[in-house]
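The data below hold one chain only, encoded as structure tokens and taken in the form predicted on its own.
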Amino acid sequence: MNVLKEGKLWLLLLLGAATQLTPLSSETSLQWLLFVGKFHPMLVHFPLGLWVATALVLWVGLRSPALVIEPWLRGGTKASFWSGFFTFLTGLMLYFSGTYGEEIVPHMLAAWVFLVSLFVFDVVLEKGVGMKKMGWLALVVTGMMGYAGHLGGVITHGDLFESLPWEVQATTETSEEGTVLENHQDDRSVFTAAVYPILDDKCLLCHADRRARAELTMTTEAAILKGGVSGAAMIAGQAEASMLIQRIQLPEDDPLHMPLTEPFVTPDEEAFLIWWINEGLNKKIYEIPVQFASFIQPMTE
């Protein structure tokens, strides 16, 4: 193995080891990590596109054996690897920032395996094995790319299968039985009358307009749906896939648990927030189920 390939192997080992490090917590480092990490969404398209193009070249070569495709394969594989390497580095910065939950770890590991598979593909290609064997190996590389991309999509957009129409309908159907108020004179929204007071007590110290840690503001429903550097803080109708609920459910000594310090969200408040995300967005307080009536704050003059 030549020096360049040995160097690439050591880089891969270092990247793999870095995924096991603990995220940083310094405010100064956080700003730089988030700045570098913002390049990740842009760079991530390069290794994906380059590898798809390389795989297509291989497919053409398998269909037309007379064509000389090896230089294109080598160039495409190397371009895919190095673009993937720098993309991985920017994603690693987001991990170190501590603004993502535990779901980023399997995504990183899958992306690392994708880079390793590209490295193996390159080594095997240099040995001059048959194109059919390279085709099978390319399927493995493509599979790892697809799996890593799927895990990245789950972080950004939630689980694809939880977005199936019948799943969404099942979680958003609201029972008419047991809604709380017969007096409709108070037409405040659920968010204003019941959710905002919880967030004000537990979240807004770090996530108000002027104190938007990780660029996340939680003063309105729209702002929470928009999210911050880690993506949407909640997904309408999908509480369990929402980062807001996931962070609350982490162990209290976990550095990613929210809020960072007491007072923590109580089990009853958590249950109410889950109902709100699944069924209560844009609703009025007279539509709140009876068991959550205690969260309604009195109107103030």
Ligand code: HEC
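Note that residue numbering begins at 1 and tracks the sequence as displayed. Superpose the two forms; the largest set of C-alphas matching within 1.5 Å is the rigid core. Nothing here was measured: the structure is a model prediction, and the numbers come from that model.
If you look for the form predicted in complex with the ligand, you will not find it shown, but the lines that follow are about it.
- Stretch 248-256 is the answer when you ask which of 248-256, 49-57, 36-44, 63-71 has residues with heavy atoms within 4.5 Å of the ligand in the model of the complex.
- Of the listed positions (A236, I274, A241, L30), a single one reaches within 4.5 angstroms of the ligand by any non-hydrogen atom in the model of the complex, namely L30.
- For the residues V229, A223, L137, A110, the 4.5 Å heavy atom test against the ligand in the model of the complex is passed only by V229.
- For the three marked residues, C203, C206 and A214, a heavy atom of each sits within 4.5 Å of the ligand in the model of the complex.
- When contacts are judged by a 4.5 Å heavy atom cut-off, L92 does not count as touching the ligand in the model of the complex.
- Taking the partner from the other structure, the ligand in the model of the complex has no heavy atom within 4.5 Å of any heavy atom of A148.
- At the 4.5 Å threshold, heavy atoms of A194 stay clear of the ligand in the model of the complex, well away from it.
- In the model of the complex, M218 approaches the ligand with a heavy atom inside 4.5 Å.
- Relative to the superposed rigid core, the position of the CA of L67 differs between this form and the one not shown by less than 2 Å.
- Annotation: Cα of S83 displaced by less than 2 Å between this form and the one not shown, core superposition.
- After superposing the rigid core, the C-alpha of T217 moves by 2 Å or more between this form and the one not shown.
- The pair L34 and P255 approaches in the model of the complex: their C-alpha atoms are at least 3 Å nearer to each other than in the form depicted.
- Annotation for the pair I245/V44: C-alpha atoms recede from each other in the model of the complex, by 3 Å or more compared with this form.
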